[in-house]
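What follows is a single chain, given as structure tokens, in the form predicted on its own.
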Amino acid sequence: MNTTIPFVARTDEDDRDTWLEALGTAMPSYRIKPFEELSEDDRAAARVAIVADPDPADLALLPNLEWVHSLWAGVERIVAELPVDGPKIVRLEDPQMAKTMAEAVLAWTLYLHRDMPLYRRQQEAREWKMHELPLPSQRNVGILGLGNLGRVAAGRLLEQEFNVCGWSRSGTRMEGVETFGGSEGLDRLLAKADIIVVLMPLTGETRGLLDASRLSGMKPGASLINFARGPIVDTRALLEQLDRGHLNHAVLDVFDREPLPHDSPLWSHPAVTVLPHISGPTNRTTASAIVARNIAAYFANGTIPDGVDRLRGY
């Protein structure tokens, strides 16, 4: 088969070439070509494209495009930039990504559970002092977002015997997890949890969801982990709650602007741990295999995977 599949991405050359190699290995029957190398015939023939933060102007030059397969789980940017009547958007749903994210949630929950920020400050002050360690079952960990990532992360926390509660807009149920739904349910969970983990997608409804009011309504002394998207949390309000001591610590892997600007106060804040968006990286090998399987099914029988709900944003 000599079918050409466009690869449309705003990425540096090294990253592009690494993706092309991984995709080529997973899809040897197809020619995966970067957008800038497509001929006019290639552009006209394209029915599906593999994308990673694509330029919508490039996609507009593929006149017969039916759908795009994203290499990322987060699709808020492409949803915002592509016209509603544009190609169908299929996000990456990779079980390995959920496992990797769950590992990160567990690691940084343990970091907070065992007071690692406090011991770091003591090291800097050359202070030798031990503190009581509660049992995991005495910690309430609240997960905001009970989609695939949230459910797998909750499972890992339950294995470690943390007391897990979860919130979703619809009040999704999960065995072993106390679940909450709606606006009132969110307020109740925030008041209950010692550690909040944000894992929900960024949509019009979740943008700014953790605002000054909700952050002030969190349990005194609680900590926050944001592994979702920066704009879900009001950064200025978060710093205010950390400064006044209402909140204990924040582990932030995502930000309003990325990379985080050098002059951001988050870098040097003693109650903030800054991570460079590494909590749930895409695995090129497993992602490429999933893309290959979905595209092969499409050319075999016309099947397109379930796409993003443009109204919901994911």
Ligand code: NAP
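All residue numbers are counted from 1 along the displayed sequence. It should be emphasised that the depicted structure is a prediction, and the values quoted were computed from it without experimental measurement.
Omitted here: the form predicted together with the named molecule. The next part is about that form.
**Student:** Counting heavy atoms only and using a 4.5 Å cut-off, do F7, T18 and L23 all touch the named molecule in the model of the complex?
**Tutor:** Spot residues vs the named molecule: no contact at all.
**Student:** Counting only heavy atoms and a 4.5 Å cutoff, which of 277-285, 45-53, 264-272, 23-31 contacts the named molecule in the model of the complex?
**Tutor:** Comparing against the named molecule in the model of the complex, the contact stretch is 277-285.
**Student:** Which pick from T206, Q241, N163, T235 sits with a heavy atom within 4.5 Å of the named molecule in the model of the complex?
**Tutor:** Looking at the other structure, the residue within range turns out to be T206.
**Student:** Answer with one of K219, H113, R91, R214: the residue that has a non-hydrogen atom within 4.5 Å of the named molecule in the model of the complex.
**Tutor:** Contact with the named molecule in the model of the complex is made by R91 alone.
**Student:** Do P136 and the named molecule come within 4.5 Å of each other in the model of the complex, heavy atoms counted?
**Tutor:** Because no heavy atom of P136 falls inside 4.5 Å of the named molecule in the model of the complex, the answer is no.
**Student:** Would you classify G155 as touching the named molecule in the model of the complex, given a 4.5 Å non-hydrogen atom cut-off?
**Tutor:** Close contact is absent here: in the model of the complex, G155 is far from the named molecule, nothing within 4.5 Å, heavy atoms only.
**Student:** Consider G142 of the chain shown here, and say whether it contacts the named molecule in the model of the complex, taking contact as heavy atoms within 4.5 Å.
**Tutor:** No, no contact at 4.5 Å.
**Student:** Just checking whether L65 would be counted as a contact of the named molecule in the model of the complex - the rule being heavy atoms within 4.5 angstroms.
**Tutor:** It does not: once the named molecule is placed as it appears in the model of the complex, L65 has no heavy atom within 4.5 Å of it.
**Student:** In the model of the complex, which residues of 228-247 put a heavy atom within 4.5 Å of the named molecule?
**Tutor:** In sequence order, A228, R229 come within 4.5 Å of the partner.
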